[in-house]
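One chain comes next, on its own, written out as structure tokens in the form predicted alone.
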Amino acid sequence: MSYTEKSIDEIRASLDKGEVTSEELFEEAREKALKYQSDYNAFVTILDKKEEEKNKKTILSGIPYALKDNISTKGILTTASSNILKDYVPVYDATVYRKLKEAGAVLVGKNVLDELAMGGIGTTGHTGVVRNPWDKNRLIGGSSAGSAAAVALGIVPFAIGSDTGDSVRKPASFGGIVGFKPTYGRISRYGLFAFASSLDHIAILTRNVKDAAYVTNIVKGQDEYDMTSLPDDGKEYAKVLDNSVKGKKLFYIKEVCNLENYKNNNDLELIETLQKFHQTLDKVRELGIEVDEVSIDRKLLSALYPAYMTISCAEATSNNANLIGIHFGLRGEGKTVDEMMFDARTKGFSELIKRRFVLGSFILQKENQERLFLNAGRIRRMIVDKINELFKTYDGFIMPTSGGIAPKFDEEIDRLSERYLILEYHLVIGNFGGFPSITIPNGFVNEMPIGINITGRVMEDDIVLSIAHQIESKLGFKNQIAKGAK
């Protein structure tokens, strides 16, 4: 096993014993990034030179990591995987990047994402598709596609991504790794290219829960540049992981997880995924955690996806109105400013992004706001209110992260099916309410990884992490390296 395939604790011990140097770790990670790039396309930029370590006394000092390419890095190309920003080099650092530098963590490169973080398949980045390290014929999910692939391949022990609907937690499931989205505002978003500001979270990809706790400890806290950021709660997450979870109470949603709902379904991967989920619930109960089935109105659950698309497209259209090819980015051609902007945005965005911007503009038109945008907000509030009501009784909810394994690139998907309307989009509840939410591996179906997700009350990141850590220990699927890593 190479050093970068180990856990943060193991790498830290090797560094402290002098068995390896930070320079050697950087070179190992860099060489692996280059080695796997042609097969998996995880990186937009791979750095040639190791950054100077500013602090050699933290758990992350000298340890390599990767950063999603929609997070600002001064002097380093930051494209958001979009042609309109393909040559953009920021003049300032995102807070999360600055904190990692100050902790002595070493950046290896910037990861490919779905263009402007809009998408969940990892195929719309301007440098090409990101492939799943467990099977190159399958997608890894998105939008934090390259970040998930880099961790799953063992290039780096952790990567920083962003999660607006499921953009870290779903790729984590498809990649057999851990994806943690803390409470909204727990990590500053200053320097994150905004997609949908009321939903966006900085999030973390690792190969075990403890590593996610370590990284969160370093990057959390209030930031004067982000008015939505929260004061540091003062908790050392990695030190509370073994706190007793006996007596904790979780629920799962009957309408999503009950096998009876799919008795006429011929999707064998879906059935096996749900069967494994219920087998896992038995193991969770062995930890002394109570798990109950609860019912939520199916009409409300079916509204999750359309409400998310309405809100996110509207906010994305507003947030990206500055990408006009004048101040920065791709410069369009034309005799007037309007012609130049039209040309830049036509050439600079993929068809998917243009469709979302058109949809967002339509939603935000004065005559449509009440019927579309405001109604979507009401649905969001109804869902969050329902979950908060349940949280008066329960400490969180546990669900299958996805309805199956990562799809093949050429696989036809019925997005109006029960699976895709509800089961594939329930993770957005965590973004609607700003709840801390984590995906951990839950074994395999057809030799491909699947995951489970635990979501808890706002501000109770420590409890979510401790429950996930102890379930992870019970299941035994931590520290996985994808079979594509050779």
Partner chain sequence: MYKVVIGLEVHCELKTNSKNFSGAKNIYSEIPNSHVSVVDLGFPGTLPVVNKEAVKKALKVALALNCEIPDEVIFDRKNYFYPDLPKGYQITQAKKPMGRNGYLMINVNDIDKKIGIRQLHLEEDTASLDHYGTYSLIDYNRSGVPLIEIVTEPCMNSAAEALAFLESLRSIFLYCDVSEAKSDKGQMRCDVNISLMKEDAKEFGTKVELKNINSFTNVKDAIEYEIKRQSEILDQGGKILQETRRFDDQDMKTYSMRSKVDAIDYKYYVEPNIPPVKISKEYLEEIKKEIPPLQYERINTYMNEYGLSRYDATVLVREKAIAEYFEATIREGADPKLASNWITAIILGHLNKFELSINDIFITPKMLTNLIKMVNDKTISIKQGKEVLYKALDEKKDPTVIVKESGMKQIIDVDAIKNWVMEVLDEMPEAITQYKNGKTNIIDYLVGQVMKKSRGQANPAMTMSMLKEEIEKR
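Here the structure is a predicted model, which is why all the values come from computation and not from measurement. Residue numbers count along the first chain shown, from 1.
The form predicted together with its partner chain is left out here; the points below concern that form.
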- Query: Would residue 341 show up as a contact with its partner chain in the predicted bound form if we use heavy atoms at 4.5 Å?
  - Reply: yes
- Message: Considering non-hydrogen atoms and a 4.5 Å limit, does its partner chain approach residue 197 in the predicted bound form?
- Response: yes
- Item | Close approach of residue 350 to its partner chain in the predicted bound form, 4.5 Å, heavy atom | no
- Query: Looking in the predicted bound form, any heavy atom of residue 356 within 4.5 Å of its partner chain?
  - Reply: no
- Message: Looking at 279, 388, 322, 137 here, can you tell me which has any non-hydrogen atom within 4.5 angstroms of its partner chain in the predicted bound form?
- Response: 322
- Query: Of the options 131, 110, 186, 189, which one has a non-hydrogen atom that comes within 4.5 Å of its partner chain in the predicted bound form?
  - Reply: 189
- Counting only heavy atoms and a 4.5 Å cutoff, which of 202 to 210, 145 to 153, 310 to 318, 394 to 402 contacts its partner chain in the predicted bound form? 310 to 318
- Task: Could you run down 211 to 238 and flag each residue that has a heavy atom within 4.5 Å of its partner chain in the predicted bound form?
- Result: 224, 225, 226, 227, 228
